[in-house]
Structure formats: structure tokens, C-alpha cells
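There is one chain below, alone, in C-alpha cells, taken in the form predicted on its own.
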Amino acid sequence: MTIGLIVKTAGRLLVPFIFIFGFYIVAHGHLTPGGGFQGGAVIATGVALILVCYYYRECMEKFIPVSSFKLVESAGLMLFICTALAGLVVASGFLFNWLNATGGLFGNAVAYGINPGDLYTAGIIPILNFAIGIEVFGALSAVLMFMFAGLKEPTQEEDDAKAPVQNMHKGKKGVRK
């Protein structure tokens, strides 16, 4: 199967927008529906699109290898655990919201009543959303890479070698030009 230039170009153009939309879902998870898991899954769809648009071997050479996705997943997990353990050190309990109403990053107090919300509220919850988003992105991307690694796909050279033979065969049968 030959992957055309239009598919590759469209995939290359769409992937940054998918990543930005996923980041938006992660960042606004404490204010709107969504959060770390949903945003990480959306970001991983960008990796899926790259894998569909390119050959697996080409992805491994040009883009990030599987081992990097495992490191990303581990980094998200470590950020989550460190944020949760910081509650034990700074305050009194695991996952204690020690940043809430401190005035720093994500430390603004929540206004009472109906309001659109403030991005810098919720204490450690946005940090946990980012940690979960990073972990889900890394885990789903690694799963996708392993799934595509198990597929038997022809190389680019094998694929290009088959294409002229198929076109010549169609020409002999009198296919309309």
C-alpha cells in the first residue's frame, strides 16, 4: 500500500493542532469537562495519525522511538507521585491540596458564586492533570508503537517496487485513462 503525499502532508499539518487541542483539554481540566486522561488521549491520537500516515520504520527513524514514550510515561507518573507526596511534607496528608489559596501559581482562591473560573485556581489539581496527561500520552503512544511494530508492513522500497507492476497490469486490461 502506497501512502500518498496528500495523506502525509495532511497528517503533518493536523498533528500540531491535535497536540495543541490536547494540551488545552489538559490545562483547562479543572474548569471545563476534560482533564489529564482525556487530554493525554487526544495528544496520543496525534501519534496515531503520524503512525498511519508514515511507515513504522520511518516513524522510528524520523520521530520519537518507543523508549522515549516509556520515559515520558515514567516522568508523568513521577510528577504525580512527587506532587502527592509533597502534601505529606508540606502539610499533613497524601494528596493534600497544599497550593490552594496560597497566591502563587494555581494558588488563587476560588471566587464564590457562579463565575467562568480562573485558570490559576485549584491548587495541585492542575499539576495532577498535567501529570496524568503526560502519563496517558506516553502510555497510549507506547501501546500504539508496540501495536504497529507487530504489523507486517512492507518497506518503502518494496512498496515502490510493486506500484509500477500493478499500474502496468491495469493498463493491459484496458482500464480507462
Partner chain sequence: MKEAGSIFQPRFAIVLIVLVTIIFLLPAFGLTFGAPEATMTDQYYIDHSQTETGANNVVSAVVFDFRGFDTLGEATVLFIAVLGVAMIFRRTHK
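It should be emphasised that the depicted structure is a prediction, and the values quoted were computed from it without experimental measurement. Numbering follows the first chain given and starts at 1.
Same protein, other form: the form predicted together with its partner chain, not shown, and the subject of what follows.
Residue 122, heavy atom within 4.5 angstroms of its partner chain in the predicted complex: Answer yes; at least one heavy atom of residue 122 falls within 4.5 Å of its partner chain in the predicted complex.
Hey, in the predicted complex, does residue 149 get a heavy atom within 4.5 angstroms of its partner chain? Taking the distances in the predicted complex, the answer for residue 149 is yes, it comes within 4.5 Å of its partner chain.
Looking in the predicted complex, any heavy atom of residue 55 within 4.5 Å of its partner chain? Taking the distances in the predicted complex, the answer for residue 55 is no, it never comes within 4.5 Å of its partner chain.
Is residue 29 close enough to its partner chain in the predicted complex to count, meaning some heavy atom within 4.5 Å? Flag for residue 29 set to yes.
Could you tell me if all three of 45, 64 and 86 have a heavy atom no more than 4.5 Å from its partner chain in the predicted complex? No, none of 45, 64 and 86 comes within 4.5 Å of its partner chain in the predicted complex.
Any residue of 81 to 96 that, in the predicted complex, places a heavy atom within 4.5 Å of its partner chain: Counting only heavy atoms within 4.5 Å of its partner chain in the predicted complex, the contacting residues of 81 to 96 are 81, 94, 95.
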